[in-house]
Ligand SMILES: Nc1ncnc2c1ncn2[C@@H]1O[C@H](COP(=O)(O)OP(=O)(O)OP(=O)(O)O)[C@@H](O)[C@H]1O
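Here you get one chain, nothing else, as structure tokens; it is the form predicted alone.
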Amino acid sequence: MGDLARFNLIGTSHAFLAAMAAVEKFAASDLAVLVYGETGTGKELVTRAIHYLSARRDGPFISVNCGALPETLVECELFGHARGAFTDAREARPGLVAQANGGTLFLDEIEAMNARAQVSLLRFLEDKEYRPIGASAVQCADVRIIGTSNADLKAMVRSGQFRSDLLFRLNVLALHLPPLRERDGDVGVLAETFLERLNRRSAEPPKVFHPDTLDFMHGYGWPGNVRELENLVAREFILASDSMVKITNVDWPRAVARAAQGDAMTFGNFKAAKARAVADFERSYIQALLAKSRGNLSLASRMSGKDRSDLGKLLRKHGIERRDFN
């Protein structure tokens, strides 16, 4: 499992190691893969590991979030278009399938594909042929498809929201990633790993967890899984006023805490609630980071492990003034 650590896939539990054994087997194959799991379990990390451990490692790895594509543009994004295919098509443009030729096409949130795009993808999976929008000639591409989903696709098939024949094609190799609450002992292993990384990046003396912290971590349900754990450790590391990182409750972002307490129904639309939760975390994390670095963006960049330009974008996004922390 040593090779998998470089993809940030870390753990020692039986459930985790069983999943990683499947990852290594899937990498040796060239069949389509479908990775299931709750938000934050590491589906994209697993997808990248399968690609870079496979014979396609030197080929392109093209990623697309199906949920972020407008329904009317999914086919165009996937298969491209010919010149003159529509009003603004002044020149031909290759799609993601063509860009991924010889490599892997990663379809995140595949359940978000509309019915027409599902048909087009099914046809491509059957014979690796496709026709760009407005083109007369059929083209071929040697592409491995890996999809991920946190939805119950079988239930979506029963309700008519997802094609059963497409699911059969994608589900050749299926992998379920266990949630963090089912990975015995991995919370401590991951938390210590994240803290060690933060210490290496920081110019301050090393910090350690307060003795009560791991007790809390093992008793908490982690609805956001590994991503939630990593973000929480990073936030509390920044906020710690001394050498002790103390985590004995979860109050960030407020939306996550309310969801963990069973108040998710008050949030309405899932994507809108998720966006608010992410925005809450970004805002509080950046403010704490700037307070710690006293507004020094270069120092904040080193402390957080993010590029200075990325931090600048977050400041503008949330209307945060760096000079307020000088």
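Residue indices: 1-based, along the sequence shown. On a predicted model such as this, the values are computed, not experimentally measured, just so you know.
What comes next is about the form predicted together with the named molecule, which is not displayed.
Checking Leu311, Leu9, Val23, Met303 against the named molecule in the predicted complex, a heavy atom within 4.5 Å turns up for just one residue: Leu9. Put simply, of Tyr130, Phe194, Phe237, Phe209 only one has a heavy atom within 4.5 Å of the named molecule in the predicted complex, and it is Phe194. Not one of Ser29, Phe124 and Leu170 places a heavy atom within 4.5 Å of the named molecule in the predicted complex. At least one heavy atom of Thr39 is located within 4.5 Å of the named molecule in the predicted complex. Residue contact with the named molecule in the predicted complex: Leu232 places no heavy atom within 4.5 Å of it. Taking the partner from elsewhere, Arg183 is found to have a heavy atom lying within 4.5 Å of the named molecule in the predicted complex. Shown alone here, Arg227 lies within 4.5 Å of the named molecule in the predicted complex, counting heavy atoms only.
Comment: 219-227 is the region of 158-166, 219-227, 137-145, 90-98 lying near the named molecule in the predicted complex, near meaning a non-hydrogen atom within 4.5 Å. Scanning 277-295 for heavy atoms within 4.5 Å of the named molecule in the predicted complex gives no residues at all.
Between the C-alpha atoms of Leu198 and Arg283, a gap widened by no less than 3 Å is obtained in the predicted complex, as opposed to the form on display. Relative to what is shown, Arg283 and Asn65 are closer in the predicted complex; their C-alpha atoms differ in spacing by at least 3 Å.
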